[in-house]
Ligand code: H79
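In structure tokens, one chain follows: the form predicted alone.
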Amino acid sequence: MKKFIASILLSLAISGALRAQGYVPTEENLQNRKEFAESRFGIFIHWGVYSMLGDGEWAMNTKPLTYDEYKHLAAGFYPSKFNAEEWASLFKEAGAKYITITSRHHDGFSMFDSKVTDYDIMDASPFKRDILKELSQACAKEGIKLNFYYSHLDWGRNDYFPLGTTGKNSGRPEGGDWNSYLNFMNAQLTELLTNYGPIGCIWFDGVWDKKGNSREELENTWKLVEQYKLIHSIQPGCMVGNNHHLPVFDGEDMQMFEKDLPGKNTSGFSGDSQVSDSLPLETCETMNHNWGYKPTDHDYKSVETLIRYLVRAASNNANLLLNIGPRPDGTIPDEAVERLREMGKWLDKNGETVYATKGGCVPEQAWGVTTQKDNTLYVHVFEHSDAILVPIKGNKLVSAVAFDNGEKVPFTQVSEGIVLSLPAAAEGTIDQIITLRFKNNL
């Protein structure tokens, strides 16, 4: 009966979506894009039964384990210390405006009460609590937007066929109904968009497992047009993003970059990604080396590195989606908690120079980066010197002051731009910020 009801809901949703010709975002969607672009800082959460293995979120594939072996982990998954309100309180303290949590990762385990599979938190684990429901309620109380990561890829289901480039040792049979799998995904997306309140974004990942030979083949294989229409038909304001490492497709509302700032390709994932000039942008990054929990990975980035990366993202018109990998008991590693709290302290003092800013009209310099609002340019100095050149011309500078105390900063306008004579920076300064106000908007 549960599957029958879900099938009816899915059919109704899809039929309504398909009546739409082309994608025109609603006013609600455009407003959500604007708010998303202004938020600048979000928390990524990779959490599932894989945390029990302590070897990251790809453990099933990398060890490797067959699905018949791996699926038994769920029977022991009991995060007794999980407290959604404590999580949401920490994220608010950190200055984050939204979270994106793995509703279902590549291992196929659903962290929510799904009626179209038994391999979920309610049926396959002894926990019997809907983690996403509790988080949706806690985040709503704290004013934090909720986004769902959802994997297109599944290493366990028999109808995920033909196989892609990963999960080939899972023991799945050489055969399956691909359309059945597509219907399953859309039924789950319908659940996520129906049962958990307003969702800011569906954050897709995994289509690269069956990339094909062209964008058209990729889109056709995954039926992305129909899937995006389904999402927008249920929640028109919900944004769609896809970590396919390609230029955006029609129907997508934001563009993300994995472990890279927009336009960069140091990680090797963004070689084909042309930066959209019309959609909000986001870069996702780990705190250490792993997305999922790995207790031996203590190589955490410093607070200085994380804050400067957040500012660099803002200077590139992008949000920073910073990842944490909770322990299997539902607690967040101490190193992550410490860094989030320190970032929150910094944002409490300096958030004006990050939230709701645009990337500065001055590109990254040897000394640092810039962000801006209207006629104000925030100069973020990472590498201090007695004087720096800000190469901006053609707009009269009205004032230059230190952001932290409002003291005037001497300046000279020359043919190459503006020379700032910087005050001495206090020891341990992560970001020396100078506020420049111009006669006209930038």
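Keep in mind the model is a prediction, meaning the values are calculated, not measured. Residue numbers run from 1 along the displayed sequence.
As for the form predicted together with the ligand, it is not shown, yet the points below apply to it.
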Quiz item: Are any of the heavy atoms in residue 382 no more than 4.5 Å from a heavy atom of the ligand in the predicted bound form?
Solution: no
Quiz item: According to a 4.5 angstroms non-hydrogen atom cut-off, is residue 403 in contact with the ligand in the predicted bound form?
Solution: no
Quiz item: With the cut-off set at 4.5 Å between non-hydrogen atoms, does residue 186 touch the ligand in the predicted bound form?
Solution: no
Quiz item: How about residue 62: is it within 4.5 Å of the ligand in the predicted bound form, going by heavy atoms?
Solution: yes
Self-check item: the ligand in the predicted bound form reached by all of 97, 309 and 355, non-hydrogen atom within 4.5 Å
Solution: no
Quiz item: Tell me, which of 227, 243, 372, 317 has a heavy atom within 4.5 angstroms of the ligand in the predicted bound form?
Solution: 243
Self-check item: Of 291, 346, 160, 82, the one that lies within 4.5 Å of the ligand in the predicted bound form (heavy atoms)
Solution: 291
Exercise. Could you tell me which stretch in 197 to 205, 138 to 146, 216 to 224, 364 to 372 has residues with non-hydrogen atoms within 4.5 Å of the ligand in the predicted bound form?
Key: 197 to 205
Quiz item: Of 43 to 79, which residues get within 4.5 Å of the ligand in the predicted bound form if you count heavy atoms?
Solution: 44, 46, 57, 58, 62
